[in-house]
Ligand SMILES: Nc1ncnc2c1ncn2[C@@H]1O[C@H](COP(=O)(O)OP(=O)(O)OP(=O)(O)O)[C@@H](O)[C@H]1O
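One chain comes next, on its own, written as structure tokens: the form predicted on its own.
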């Protein structure tokens, strides 16, 4: 549906997008990266709002620079700034958008009604948007982008600055749409990307630095699952135990603590957390002489991946 090939965009001496290539099909595809990574620049070029310096973009076989009108008819865009007409009502905003995008006249009224019901705004449909909360505006912007039934939905920070209830409502709507459309999201919320994405692309300084499913990114770049156990036992027993644990977690290690006879095990491992815990429990049962003082499990998040790949220093 979307093909990006060797895409480059410069602003003066700064390379905002540096030789980016990716293919995006019917999926929820998320761009991740620190501020200034080039995410919004890519979105603007996809929508034909910004000219590229080199490279190619194809959306359903069309180039947004040479056929901007046709491309925009295939895209539904929700920008960071919702860009609603606040002096109009929700119904008037939707009506204007429908007519602007050429929705057949006989379908406009029903599509607007369906849209309002979808995001639970029917009772406020005839109130001016200026009276809406931030979450209500975000929900309205989402269904406005869907009115002309686009093939591609682009959401630039779709839940920026809204509360948990509205955020969950928007997430639910996105998940309902994922079987019907190509959905491209830019976000700085890692939990949002983890929950919604089929694949994530991580950018830094305009470059693609990782591309995979959320699960695989966590596996490759965040060290996998980590089990820690504080135990008391004889050192000979501990050495035998560690050899057994290395069968399921080759990087398993232990260290003496400040308290004599107490040891700290660390087991970085790959796979499913429940399977790992089952295996660890089985092995510990083979060593009844071992007394477990504490046991913890840490499953990596996309936050861990993000910091590992892009660094932890602040960026403007």
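Numbering follows the first chain given and starts at 1. Just so it is clear, the structure is predicted and the values come from calculations on it, not from any experiment.
Form predicted together with the ligand: not shown, discussed below.
Heavy atoms within 4.5 Å of the ligand in the predicted bound form map, among the stretches 39-47, 248-256, 61-69, 280-288, onto 39-47 alone.
Of the residues 175, 107, 113, 188, just one reaches the ligand in the predicted bound form with a heavy atom at 4.5 Å or closer; this is 188. Contact with the ligand in the predicted bound form, defined as a heavy atom within 4.5 Å, holds for exactly one of 194, 157, 169, 95, namely 157. Although the partner is absent here, residue 20 lies well away from the ligand in the predicted bound form, with no heavy atom inside 4.5 Å. When contacts are judged by a 4.5 Å heavy atom cut-off, residue 35 counts as touching the ligand in the predicted bound form. Using a 4.5 Å cutoff between non-hydrogen atoms, residue 16 counts as a contact of the ligand in the predicted bound form. Of the heavy atoms in residue 80, some are within 4.5 Å of the ligand in the predicted bound form.
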